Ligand code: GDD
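Only one chain is given next, in structure tokens, and it is the form predicted on its own.
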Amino acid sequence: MRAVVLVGGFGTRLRPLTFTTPKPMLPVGHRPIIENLVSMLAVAGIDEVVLALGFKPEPFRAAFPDGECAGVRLHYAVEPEPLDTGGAIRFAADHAGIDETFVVVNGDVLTDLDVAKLVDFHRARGAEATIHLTPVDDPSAYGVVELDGQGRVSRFVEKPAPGTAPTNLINAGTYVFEPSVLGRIPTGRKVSIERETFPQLVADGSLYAMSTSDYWIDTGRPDTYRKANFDVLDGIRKSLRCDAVHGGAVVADRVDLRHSMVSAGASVGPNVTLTESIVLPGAVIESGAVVSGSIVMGRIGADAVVTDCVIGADGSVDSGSERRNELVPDPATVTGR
């Protein structure tokens, strides 16, 4: 079986990190998000993943030069222009010649879902399309799904206003499709699978959904991206574990590490205090700096104090300065990206 993974987005919510690194290539638990996703699919028997690429495809090819990830073959489908979710799925599936039941996964979602069970559920109901659902406390930022007694979707409400959602079950971003779904997606323009295709399937009574309480997180914001890393560090994930400091990091003596992670290729100087922070590949934190609640990809000078910030690869914090609740560089001031 094959799967399409949507990895062509701009990663706007994670800027400035995504100015230089596509969101699915950012590490969670010291492995790129995309590698975590493909590993999950491999367990379910997926033997080829089609990467629906658009923005910055080159880092994916560089990371997997043999065209393989987690033992799964990769097929690269690079959109000529942004096509939205539905258009990207149609383009990638056509590019790879998919003509049988296939899986689709949003590239910024991490979950412990048993994808094989989702496929079995789909087939047992003779569905044209099946989506995975997960419960959340505040469903207003997501696609909310209402079901009948057989698991058929009776209503699909995309991002309802706060307090108006008919249920707390949301579209969790993993789908099983029959190839007939592709025929519902017109070519040559942007198409939203959530706003256009799913309502068509609901109207025809051919969209089903399976709800589970498996671990699930959308890694697309700085706060949830940090949490996704800490969930691996803290052993909350079902099968993933990692050390706080990768063996390829350079960490000096007398570093006070408080519930933080340091990636391969990062450098942390002496007398640094790190609290609730993620230090990414290429980051440099000089001696005596105090960093808390932050994600660091750039450079932090000696004795600087950085709180609740996101420091991109091109970002720099001067020695002895203090930064709080900032994006560095500020995406609003960056042009041409």
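We number the residues from 1 along the sequence you see. What you are looking at is a predicted structure, and each value in this text was computed from that prediction instead of being measured.
Not on display, but discussed next: the form predicted in complex with this ligand.
With the partner omitted from this view, the residue of Glu146, Asp114, Glu79, Asp94 that lies near this ligand in the predicted bound form is Glu79 [heavy atom within 4.5 Å]. Contact with this ligand in the predicted bound form, judged by any heavy atom within 4.5 Å, is made by just one of Ser206, Asn229, Thr197, Thr85: Thr85. Here the chain stands by itself, but in the predicted bound form one stretch of 100-108, 250-258, 179-187, 146-154, 100-108, has heavy atoms within 4.5 Å of this ligand.
The three marked residues, Tyr215, Arg237 and Ile295, fail to reach this ligand in the predicted bound form, with no heavy atom of any inside 4.5 Å. Heavy atoms of Leu274 never reach within 4.5 Å of this ligand in the predicted bound form, leaving it off the interface. Taking non-hydrogen atoms only, Tyr175 approaches this ligand to within 4.5 angstroms in the predicted bound form. Heavy atoms of Ala3 never reach within 4.5 Å of this ligand in the predicted bound form, leaving it off the interface.
Using a 4.5 angstroms threshold between heavy atoms, Asn171 counts as touching this ligand in the predicted bound form. Contacts of stretch 250-281 with this ligand in the predicted bound form, defined by any heavy atom lying within 4.5 Å, are made by none of its residues.
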